[in-house]
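Coming up, as structure tokens: structure 1 and structure 2, two forms of one and the same protein chain.
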Structure 1
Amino acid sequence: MKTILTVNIGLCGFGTVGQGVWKHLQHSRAELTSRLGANVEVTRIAVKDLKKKRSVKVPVSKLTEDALEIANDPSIHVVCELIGGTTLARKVTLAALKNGKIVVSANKALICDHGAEIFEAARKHGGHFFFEASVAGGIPIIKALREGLVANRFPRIYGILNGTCNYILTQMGTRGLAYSEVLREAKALGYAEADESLDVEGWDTAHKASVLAWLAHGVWVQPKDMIVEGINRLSPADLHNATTLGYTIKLLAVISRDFKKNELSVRVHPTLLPINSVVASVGGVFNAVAVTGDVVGTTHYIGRGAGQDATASAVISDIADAVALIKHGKGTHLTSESYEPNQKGCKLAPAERIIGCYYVRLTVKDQSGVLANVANVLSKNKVSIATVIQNPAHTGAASLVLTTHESNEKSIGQALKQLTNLDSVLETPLVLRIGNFTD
């Protein structure tokens, strides 16, 4: 009888994702063996607490509390880093790569903060690093960019990359519920990060945008160099106003590159999208990414962006790539660490060249002359008003919602500061971007 290769896997981290990977590797064992022509065996699992009760049953002999023991175990070929955070996760990843192993990771924060160091370690020691599960959960967007779209340059990539925020915005819009109420639901469903501020303040999306920007443009852009705004200041009234104006609101990552000026912009913000656009129609925990390539045109990728099963699907796809690499050797497919970006001179676009239309919500004193003062500030900053909606707010106050014609980040930023300083403006104004993307 022909003996087939056995690839030994060490799972570091056995939370929601780790347990999902274990569960699906067991359930799909026969199919995977036949598809990969190899046995995939989880031989070691690092957990935080050996005594903790888990719904998934694993032989106690496989468990350890020392993730580094797995990274240094010569019998393990593939280390899945599913710990999260950037401290122990970094140590385990670098140790495994130093030992020439293949590391599979779902850790977008780790890649964003330490990607350059990780790929350098992989190159230096002959290890490999796969990270399909780090962006957009179950959607194979990493492989799409790295392999399927390799012929393209990317003037624009935009999309919904955080399932928790999309779930919250969808529920606020359809059920008119307050933000805090829906956030509680999203947490109970297991979508949110342990620290939910990563989701709702836009940082999780920024980490993912950083990974996509690097893949598409070969440049590491850190969240501190992006515009990053979350969804925590939105109210059901904003979703209602957006609908009245023909839009829906999504938390988007937008990565645009002007190849003539050689400028890149990476930003994360709630965005009004035309209600009939493909990405606008994607609700719930789903993610959606629109990738415009100069050769292929625009392609769309839609699927579950958070949750145990979707993320496990992406991790197992990387395990499959690892098996192919072990079986057939380097060169059988494109690995990210062999990628040599040639992006000399690519700079981040200055604020005045980030162009767009805006939605501005102000709570103002309901008195004569207030609208004129607001219009005056916008006019002084060369921001032209497109539409105005006024509704009563609390006693003596009105909610004023303006949309603008095309302006830019510099002008709207200046206008916002001056509006905040007006006596008649009662709360910090809310500014949202309007993404008039037609694809």
Structure 2
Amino acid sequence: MKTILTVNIGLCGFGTVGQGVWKHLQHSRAELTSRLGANVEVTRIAVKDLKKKRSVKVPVSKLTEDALEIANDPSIHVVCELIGGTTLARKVTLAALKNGKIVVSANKALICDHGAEIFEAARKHGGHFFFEASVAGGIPIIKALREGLVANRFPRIYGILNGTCNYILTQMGTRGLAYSEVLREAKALGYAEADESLDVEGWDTAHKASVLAWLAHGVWVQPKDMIVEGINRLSPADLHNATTLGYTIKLLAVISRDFKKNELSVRVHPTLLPINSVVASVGGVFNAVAVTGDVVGTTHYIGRGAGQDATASAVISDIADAVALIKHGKGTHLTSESYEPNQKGCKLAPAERIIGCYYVRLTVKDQSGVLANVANVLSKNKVSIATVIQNPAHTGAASLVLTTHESNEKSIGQALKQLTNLDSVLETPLVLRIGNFTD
């Protein structure tokens, strides 16, 4: 009888995702063994508290409170880093890679902050690093970029990478509810964390955008070097105005590359998308990514971007790749630690070369001459008005909504500073980008 290889797995972190991985590995054990031609056995699990009650039953003998013990255990072939954060997770990841192990991670913040160090450790010590679950949950966007679209260069990648924000904007748009009201609802449903700032201020999306930018262009872009804006200043009126103009609003990551100038821009911000575009139609907690390749054109990837099952699916997919690598040495093209593209000279695009159209909402004094003053400021900064919508705001005030013809980030930024200083402008202006992308 032929002996079947057993691959030992160590789970570091046993929260929502870790328990999902355990649950599905146990439930699908026979089918996975048949598909992979190997037994996948979770032999050790690192937890914070050995006495904590959990929704899944695990033999106590498998549990430890020392995640580094798993990273250094010679009997464990694959370490799944599901801890979160960037402190202990970094220590565990580097220790495992220095031991030549395969590491599977769902940690986008870790990759964003320490990706260069992690991949260097993998190269130096013969380890491997898989991270499909770090971006867009169950959507296999990382495999799409590394494998299915390998013949392409990518002038643009954009998409919805945070289900919490997409849920909030969907509810605001369809039900006319205020941001604060929908946020409370999202927390009650478990779609938003108790501290929602990482999601709604755009930082979670920025970490994921950093990972995608590196995969597509081989350049690490930190959130501090991006335009990062969240959704917390949006009102139901903005969603209504967008609909009137033929758009809907989504929080997008936008990664654009000008190959002639060899310049890259990575941005995260609420964006007006044409209402009939594919990504605009994706609502609720779903994610969607549009990838434009110079060979294939534009392809779309839609699915659940978070949650126990979707993320566990992506983690187990990476475990399957790890098994193939251990068994056959196949799939080494999947491991990005060997990815060293020639990106010499690629720089971040300056603000004046980030081009687009804009939606600007101003709360102004309800008096004559205000629109003329606003138009004069915009004109001085070479920003041309395309449309104007005026609505009452409150007693003595009006809401002035403008869209612009094509301009750039430098010009619109200068114009907004000057508009803020006008006596007739009562609140800090809101600016949104208009994404007239061709799907």
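Basically, rigid core = biggest C-alpha set you can superpose within 1.5 Å across the two forms. Keep in mind the model is a prediction, meaning the values are calculated, not measured. All residue numbers here refer to structure 1's sequence, counted from 1.
Asker: Which of the two shown corresponds to the form predicted together with L-homoserine?
Answerer: That would be structure 1, which is the form predicted together with L-homoserine.
Asker: After the core is matched up, is the C-alpha of Glu196 off by 2 Å or more between structures 1 and 2?
Answerer: Indeed, Glu196 is displaced by 2 Å or more.
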